[in-house]
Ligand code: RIB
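The data below hold one chain only, encoded as structure tokens and taken in the form predicted on its own.
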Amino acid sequence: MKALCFGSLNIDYTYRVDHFVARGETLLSQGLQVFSGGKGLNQSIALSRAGAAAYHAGSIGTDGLFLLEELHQAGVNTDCVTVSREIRTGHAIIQNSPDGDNCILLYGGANQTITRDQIDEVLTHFAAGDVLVLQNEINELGYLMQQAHDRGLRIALNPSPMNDTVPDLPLDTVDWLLVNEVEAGQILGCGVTNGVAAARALREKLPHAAIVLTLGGEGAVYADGDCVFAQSAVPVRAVDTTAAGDTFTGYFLAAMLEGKTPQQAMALAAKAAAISVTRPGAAPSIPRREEVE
């Protein structure tokens, strides 16, 4: 059984700052590090390091060839990644504060050049029962979801970053919806004050999907039919929270593909995410399965 992550590949420029820059402010950073990233790349690496047979599809520019090497080293198949000589690789400008929090500015680049012909060709390599893992950092997402659903693939959607295109997606094709509390609030149109209640409300909106709601240091909630439960976070000292959600997503889905129960999958994902926030960077912070266990 294969896990295809059709998603973004970014170059992350991470600046260490005393505080997030304010409107009109010029702020001197205390350091700069360049990492591989993109929610798609991060989730592919998390899937592979968790033990899944992971495949990545997407697009980069020639400036992003080192991202393919990062995926290869993590055991991810990259045969479905295209390289453009005209468009630069997507990138992110990340501010990292002393408490480990971050804010991110994205440039889509090659991630926004996906074509329907490319989608059709990629999907010929996958079959019913395989899992398609998606985020909201590439174009043609609606077409991709519908084509994959028609072929019998199961779909996991992490609609991040949220924007006004998400409600127009064929959300009835989604098998797992994975969101954080901000994204959940945007979907529900209200703030999230109770994780279990919010997960139930999301389940009512998407009755065909299992809901995974991550709440940072407050843990996470799973909701699918009558199965609703909270998963505690593992307490650690956070250094950089970038890719914590992607790590959780990859480990949760890999465990579900193994046949683990939702409770087992959520517990494994919580441990993996906890390890990831104790390390700097996005993809480099994602632990291997033996570390988590």
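Numbering starts at 1 and runs along the sequence shown. Predicted model, so just to flag it, every value in this text is computed and none were measured.
Beyond the structure shown, there is the form predicted together with the ligand, which is absent from this document and is the topic of what follows.
Asker: S276 versus the ligand, in the predicted complex: is there a non-hydrogen atom within 4.5 Å?
Answerer: Close contact is absent here: in the predicted complex, S276 is far from the ligand, nothing within 4.5 Å, heavy atoms only.
Asker: Using the partner position in the predicted complex, report whether I104 sits within 4.5 Å of the ligand, counting heavy atoms only.
Answerer: Although the ligand is absent here, I104 would touch it in the predicted complex, with heavy atoms inside 4.5 Å.
Asker: Can T242 be called a contact residue for the ligand in the predicted complex at 4.5 Å between heavy atoms?
Answerer: Residue-level check for T242: yes, a contact with the ligand.
Asker: Applying a 4.5 Å heavy atom distance criterion, does E137 contact the ligand in the predicted complex?
Answerer: It does: once the ligand is placed as it appears in the predicted complex, E137 has a heavy atom within 4.5 Å of it.
Asker: Of A184, A92, A148, V81, which one comes within 4.5 Å of the ligand in the predicted complex, counting heavy atoms only?
Answerer: Comparing distances to the ligand in the predicted complex, the residue within 4.5 Å is A92.
Asker: Given that the ligand is left out here, which of G250, G64, G58, G37 has a heavy atom within 4.5 Å of it in the predicted complex?
Answerer: Contact with the ligand in the predicted complex is made by G37 alone.
Asker: Quick check for you: of 38-46, 251-259, 66-74, 25-33, which stretch puts a non-hydrogen atom within 4.5 Å of the ligand in the predicted complex?
Answerer: So the stretch in question is 38-46.
Asker: Scan 256-283 and note down the residues that get a heavy atom within 4.5 Å of the ligand in the predicted complex; none is a fine answer too.
Answerer: Heavy-atom contacts within 4.5 Å come from A282 alone.
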